Structures are given as structure tokens and as C-alpha cells.
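Single chain ahead, by itself, as C-alpha cells, in the form predicted alone.
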């Protein structure tokens, strides 16, 4: 696969302004990147290292975990040694462990060399303590390991010192016994324990497709159902990543990505482009959001009255809210509505306005408003809309900095909304986001 074939995925200089929108969102966040051994051996790996250098320049903290399956298979073939499993998903006998240790050393040095060439500090450490998997379904897994303990203090100190921790799939038990850990599992454990914002699996597979249809954005619940009912539909080499992505998200990691690292700029496109090129699996952040019903009208009216008093919202009567109740979404916590948003369609549904975005003061600055706007944008996209607009007198920074909207002008409004805008005299700022 050459770079020319994938120019449609390349970030162009004109896209840099779009990247800058996301910088405040991710500054000082931790990303755990799991690199397949086959990707380290691929010709595009040097470009992956450049992408990592860009992340570090944006003050994003990076933890690297690498696999060794590709290198282990080559070693076994070269030395004509039969191995139990190259990918660390099954048992590991003594011969496999010996070659795995050799392969891990080779890959680690190659990654460290590449990071050094890009001016990045990195360090290998014994921050992962392993334990024997033991007997599974009646079969001894021999030298296969699981994570026993992670030295979070050590990892935090390395990250605070602008150093990339490099983690190999070879770890030691409390007694110093060498064990092989599946790198997908290892990355998921690190993401969970280090409170990573993203777990990113980079492979040399085409990405997650079901029945030849690429999956781009997927709620973790849908993926769990797929694993439980039709695991055979998931490509064999991606099943481990899918399984551990689900575990990481259920343990608190908000997002997990699976993407083909052979694409030039794959990592930056996946993170900074609103579409991405891989599969993003996300936690059910929106479980508290639901469509409003008639019984909610009074609560919505009371909530929006707070915004009306501060002149951040236009006044709406309870009767008008009742009449348009199907256009509202509400955020509910413990049976009480704490936030709301209104969606109104224009131009036959091609454009949707998010309005009446308000969260009760106690729940402000806790991500409720962001989740509601994100949910509204997802709803708009599902309806077939191309653009979401917002108008605000006091919350422009919320929409631009937190929700990645772009500031526009009155000329960006549909004709019907433009007429109302000029008539009401509020002089709201116009913001929009293309879907």
C-alpha cells in the first residue's frame, strides 16, 4: 500500500487550523499507543514516529506499548523452532518464551532508535509486574503472563519528566520470573490505570469491518453485543484488540481506536479529523441523555428561566416548549432533569440549530453541556444533516473551545433563521460545525 493511494486521508496544511481546535482539549492528556510488531517492521513506521513527535509537541503525554508477533514468527522460521503462539494469546512454552524475549529486545531497540532520531525522550522500565496466567480450561498456560501490578507512580514520574515510557510484552513476576504478556491486554491495563483519554491500537490490518462495511464510530455496547453473538464476523487478528478495547472502556477509558498504521498520517487523522480513518469505540457517555416527553416541559421551562435571567437564552413560554417538546433532549441524573438542548431543522433538514443549551449551575463545568452538544451533533448527523449551527451571546468560548465549533457570520445562517436573527436584535455570535 503506497502513500499516493491514500492521499485522501492525508492532513493538508489547510487542515492545521482544524487541528488547533483540538489542542486545548487534549493538552496534558495521556494517550496509550499499542503498536503491532508488524507495524514497527513496516516502511511507514518512520511516519508513525513523526506523528508521535507531533503529539508530544502539543503536550500530549504518550505511553508506547509494542507487540512482537511479526518478529517472533520470523525468528521461529529462521531458526526452525516450533512455537506455541506468536501473538501471546495462547500458552507460551519455553522455546517460544526464549524467542519472544529476543524479539522483544530487537523491537524495543528499534523503537527507541526511532524515537531518538525524532528528538524524543523515552525509557524502558520494570513498571509492569506480571503473574502466571496458570491453568485455563484445564490447560497450563506455562509462561504466559497477566498483569499483576502497575507502578503508576513510576509511570506518572516519567510522563511528568516529558519522557515516553516504552513497554514491552515481556515482564517479570514478583520473584523475577520472565513471562510473556499479550500486548493488547497490556495496553488496555495501562490505559485504565493511567487514566488515559485514549487507547489507540495501531496495526497493519484494514480496520474493523463487519460484512465488508467499515465501522467508524461504535458505542461500546454495540461492540459487546457483536462479541457475544457474532465473534466470527470480527477479523481474527482484530478480535484481541476488540476484546481488550471493550475491557478498557468498561474500566473507565473514554475512547479506544483501532486503525491501520500503514496510512500516511493515520494517527493524526484519527485524532484530529472529525471523521477519522479508523474505528473509534466510545463509552456510553450519553446514557443520561434522552428525548423529552410532555411531562418534562415544566422542568425544561424552569431550567431555561435561569438562562433567561442572565440573558444567555431567549425566553420561551411553557406552552411553546410543550408544542415543540419532540425537539428537546434532556440530561437526567437520579430522576431529575439538570440540562436541556433544543434541535430545530432548517433547509429540509440539511442544517440543524442547537438552542436552549443550558445546565443547572451545580452541574456546570462537569462535562454535561459538552456531552449534550456532542449527542445533539450525532443526532443531527443521523438525521442526514450536513451542518449544526449555534447562536449565543455568552457561551461562544464553550462552543469554540470545548465543542470545536467555528465562529461564522450571519451569512452562514439559513434564510429563515437569518431573518429572525436580524429581527430579534440580540446580536448573538454565530458558530457552526460541519458533520
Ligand SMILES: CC(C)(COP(=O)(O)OP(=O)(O)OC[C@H]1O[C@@H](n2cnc3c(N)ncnc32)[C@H](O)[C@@H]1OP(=O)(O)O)[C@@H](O)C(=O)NCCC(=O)NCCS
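Not measured: the values here are computed from a predicted model. Numbering follows the first chain given and starts at 1. Throughout, rigid core stands for the largest set of C-alpha atoms superposing within 1.5 Å between the two forms.
The form predicted in complex with the named molecule exists for this protein as well; it is not shown, and the discussion that follows is about that form.
- In summary, the region of this chain contacting the named molecule in the predicted complex, judged by heavy atoms within 4.5 Å and restricted to 105-113, 216-224, 251-259, 308-316, corresponds to 308-316.
- Residue 301 falls outside the set of residues with a heavy atom inside 4.5 Å of the named molecule in the predicted complex.
- Though the partner is left out of this view, residue 365 does reach within 4.5 Å of the named molecule in the predicted complex, counting heavy atoms only.
- Contact annotation for residue 38: none of its heavy atoms lies within 4.5 Å of the named molecule in the predicted complex.
- Residue 395 belongs to the set of residues with a heavy atom inside 4.5 Å of the named molecule in the predicted complex.
- Only one of 52, 60, 64, 391 comes within 4.5 Å of the named molecule in the predicted complex through a heavy atom, and that residue is 391.
- Interface residue among 185, 97, 359, 171, judged by heavy atoms within 4.5 Å of the named molecule in the predicted complex: 359.
- Residues 399, 402 are the ones in 399-427 with at least one heavy atom within 4.5 Å of the named molecule in the predicted complex, listed in sequence order.
- For residue 31, a C-alpha deviation below 2 angstroms is recorded between the shown form and the other one after rigid-core alignment.
- Core-aligned CA deviation for residue 206 between the shown form and the other one: less than 2 Å.
- Residue 48: CA moves less than 2 Å between the shown form and the other one after rigid-core fitting.
- The pair residue 369 and residue 219 approaches in the predicted complex: their C-alpha atoms are at least 3 Å nearer to each other than in the form depicted.
- Note: the CA-CA distance for residue 196 and residue 369 expands in the predicted complex relative to this form, by 3 angstroms or more.
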